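Shown below, as structure tokens, is a lone chain in the form predicted alone; questions about how it binds or moves come after it.
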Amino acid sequence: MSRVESGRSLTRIAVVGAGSIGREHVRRIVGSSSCELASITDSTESTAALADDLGVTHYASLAELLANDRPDGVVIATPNQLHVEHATACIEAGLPILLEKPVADSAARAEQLLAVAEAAGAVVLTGHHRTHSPHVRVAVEAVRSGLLGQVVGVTGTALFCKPDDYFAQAWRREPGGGPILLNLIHEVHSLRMLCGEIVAVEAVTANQARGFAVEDTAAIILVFASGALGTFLLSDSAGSGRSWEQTSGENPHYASYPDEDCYHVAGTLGSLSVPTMRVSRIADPVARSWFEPMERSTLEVVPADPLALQLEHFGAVVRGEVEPLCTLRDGVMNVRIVEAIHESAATGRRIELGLVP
């Protein structure tokens, strides 16, 4: 039975998968004023102890959860290869879901899940939490307002250094365990929000920094449907703080470099650096020239926890108050783009994506 707060029942959310991101979801639900934790599902003893500490039911499997309870919504934070299986089970049970990214471990399986979800009219929010970042939201609003004029290009970086012990697990040293598949999907979604749909990619990779079979560095060219172009430099072996986690300050687990940027969006009237939110704008749009000084300003951002904002949004989605800001179709497109980048790096070819109908 749901608890009642401020005259209304709290939305009961079950979390399936109690790894690092699953436990972050649990923390936000426990701290929410509109949602309550219904249960935690995971097969580990530590998860059972966590559920006991929090006074909620522990289930060893999703099948056990579905057989014994009907929460209002489910967060799926299990390993990537289980996302399609678990999401399908929840869709068949008629439960709204927040599905962690990537929505599937391949583009083909992501497309299969999309077909199942759309046939069922399922309610699915994809867990790209930067969708809810105040920095990203303000940047997107600025671009869409025309502040920068017509966007002509964007450059981005995700330059960071994973510690050596991160690679103690052998799969992280093999193809599929590198930053293209594990980290880049965040950046793809952010750049799509800022600049629109990505319709073609080209990429090259290198692995000389660590010497593993998997890439440690990638350089990527992006073509947007609008005609804008983009470049992105990615490395998990760089002595640099130009990554979202290190520049935005949204995740306190990382060292912070608030004077650095990781995105720069350029338009015909001005440019915006993110997350410092510094704007440079041509003072006289009629007499545009690099000989003329530009006006400088900084957009205001009120910091907030994107994961907490995502949870509140999911609660509203479950209650039927709003539509998902990040749809399953968005999640599928992000997987397609990342897979295309990997294919381009492997083949040396430009990969055309087109638009999802």
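Residue positions are given as counts along the sequence shown, with the first one as 1. Remember, it's a predicted structure, so these values are computed and weren't measured experimentally.
Quick note: we don't show the form predicted together with a small molecule, though the next part is all about it.
The candidate spot formed by 21, 42 and 79 lies fully in contact with the small molecule in the model of the complex, as each residue has a heavy atom within 4.5 Å of it. Distance criterion of 4.5 Å from any heavy atom to the small molecule in the model of the complex singles out 186 from the list 186, 192, 109, 137. Of the residues given (335, 16, 13, 341), 16 alone sits with a heavy atom within 4.5 Å of the small molecule in the model of the complex. Contact check for residue 132: every heavy atom lies farther than 4.5 Å from the small molecule in the model of the complex. Proximity of residue 267 to the small molecule in the model of the complex falls outside the 4.5 Å heavy atom cutoff. Residue 101 belongs to the set of residues with a heavy atom inside 4.5 Å of the small molecule in the model of the complex. Taking the partner from the other structure, the small molecule in the model of the complex has a heavy atom within 4.5 Å of a heavy atom of residue 86.
None of 117-125, 101-109, 138-146, 157-165 except one has non-hydrogen atoms within 4.5 angstroms of the small molecule in the model of the complex; the exception is 101-109.
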